[in-house]
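In the block that follows, a single chain appears as structure tokens, in the form predicted alone.
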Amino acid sequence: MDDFLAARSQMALSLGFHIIFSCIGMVMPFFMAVSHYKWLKTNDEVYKNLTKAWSKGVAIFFATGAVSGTMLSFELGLLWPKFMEHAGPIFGMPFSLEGTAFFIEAIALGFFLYGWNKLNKWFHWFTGMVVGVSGLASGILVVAANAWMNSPAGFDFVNGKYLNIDPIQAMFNKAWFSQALHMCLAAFTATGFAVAGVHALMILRDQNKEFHFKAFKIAATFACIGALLQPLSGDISAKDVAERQPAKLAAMEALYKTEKPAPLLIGGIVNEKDKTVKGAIKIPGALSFLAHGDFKAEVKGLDKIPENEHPPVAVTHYAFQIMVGIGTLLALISLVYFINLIRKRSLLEKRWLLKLFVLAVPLGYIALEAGWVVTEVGRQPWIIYGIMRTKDAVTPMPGIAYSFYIFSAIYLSLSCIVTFLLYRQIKMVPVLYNKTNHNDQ
């Protein structure tokens, strides 16, 4: 493995690992706050126990996310020094603000975890909300920095120099809103389905059904709302990418030739040598509509883009197909869930629906990872789109492959530890929060 591939692999591994924990840290506090609010309003001990159980999970994920996030911060400087040398002064503001949000989140989480029976009950609830809001703000600020890499702004690039730097314009670049919206909805959807699926499994096993059913309803509601809104944010993102990064859109749809109108491809096997796609289902004009809002609009293909600026088409296309396919499936499950709620059908008797949620536990995160593959691989060969190539930003230091192996071992160890802690936490629910179960609907 050469150093350039090792550096990219290490960064991809670190981001892929951290994104799961950051999403959970963004979303779980809101589940916790809803449960806490229900306890304060109804005085139902089950909601209090649920809040305490979820707060321990939030603490585990916060600690793990803090470790992986800190490692990422060092990696940016160690692996990509040329990038940070030029980009740091431009998009440093969202990173600085993210650090502030992180510290606020840490302080609020401390108040919440140790504030039971010590703080005013509504102030205690408020600290939980602060954990969620600051975590969400952290995610949005980091995405703003990533969006800047896709849509550079806030500076003039003259003769290889970065002049007239405007950090505010850099942070609120043209891509930040669409990326932040898409990312936040993805976080709520993925985490909601994962949490709801775990509690659905416990219901199917007849373990503490009242506790798990109340938890399931809160998580499932967040997840299903996010899944149904996600296609709207996807449409906004598609139109934004079509305008700013036509090469990425062409790679997403494996569009080798400019077409008017352009069909939308579902599936298909990409042959990058022959520049063809076999076995795909074509929907005439659909890509033109998604990209430009017009079924007859022209969509630029890779034939109008210099070949040395083509992203890896197969990887980007397959990742995009996985993301869209899973997103569609989760949206369908969400429709079924809400139809059952509207008709006031007993969810506890719909074992097949609970089983669907169990099967969906990993799907949201698979779609999430696939979406980041589309974002990052689809931007290649640029680290700053149209300005700096990725190969020009990598460190000249040798031995990066060994660093990649070491970090891989660290992340694998962290994954095992977190899995063990969560498994133990779930197994302890009947012991810590034992309460007479009944089919509360």
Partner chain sequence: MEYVVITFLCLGILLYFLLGGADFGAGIIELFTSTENRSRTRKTMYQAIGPVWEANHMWLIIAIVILFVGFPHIYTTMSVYLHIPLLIMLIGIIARGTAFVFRHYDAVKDDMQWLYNRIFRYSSFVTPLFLGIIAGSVISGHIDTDAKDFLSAYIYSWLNWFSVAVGLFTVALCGFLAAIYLIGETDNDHDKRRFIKKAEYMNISAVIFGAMVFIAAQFDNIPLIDWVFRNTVGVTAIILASFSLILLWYLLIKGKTKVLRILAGFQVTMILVAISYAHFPNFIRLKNGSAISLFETVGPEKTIYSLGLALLLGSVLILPFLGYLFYKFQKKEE
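Positions refer to the first chain, counted from 1. Bear in mind that the values here come from a model prediction, so they are computed numbers and not experimental data.
Quick note: we don't show the form predicted together with its partner chain, though the next part is all about it.
Would its partner chain in the predicted complex be within 4.5 angstroms of a non-hydrogen atom of every residue among Leu78, Ser96 and Leu113?
-> Yes: each residue has a heavy atom within 4.5 Å of the partner.
Contact segment among 317 to 325, 266 to 274, 116 to 124, 210 to 218, judged by heavy atoms lying within 4.5 Å of its partner chain in the predicted complex | It is the stretch 116 to 124.
Tell me, out of Leu414, Ile387, Ala401, Leu40, which residue has a non-hydrogen atom within 4.5 angstroms of its partner chain in the predicted complex.
-> After the contact test, the surviving option is Leu414.
Contact assignment for its partner chain in the predicted complex, among Leu359, Met71, Ile283, Leu232, heavy atom within 4.5 Å | Here the answer is residue option Met71.
Is Phe102 a contact residue for its partner chain in the predicted complex, using a 4.5 Å heavy atom cut-off?
-> Yes, Phe102 sits close enough to its partner chain in the predicted complex that at least one of its heavy atoms falls within 4.5 Å.
Taking heavy atoms and a 4.5 Å cut-off, does Val130 contact its partner chain in the predicted complex?
-> Yes, Val130 is a contact residue.
Residue contact check: Glu309 to its partner chain in the predicted complex, 4.5 Å heavy atom | Answer no; every heavy atom of Glu309 is more than 4.5 Å from its partner chain in the predicted complex.
Proximity of Leu13 to its partner chain in the predicted complex, heavy atoms at 4.5 Å | Looking in the predicted complex, residue contacts with its partner chain do not include Leu13, since no heavy atom lies within 4.5 Å.
Any residue of 353 to 371 that, in the predicted complex, places a heavy atom within 4.5 Å of its partner chain | Contacting residues: none.
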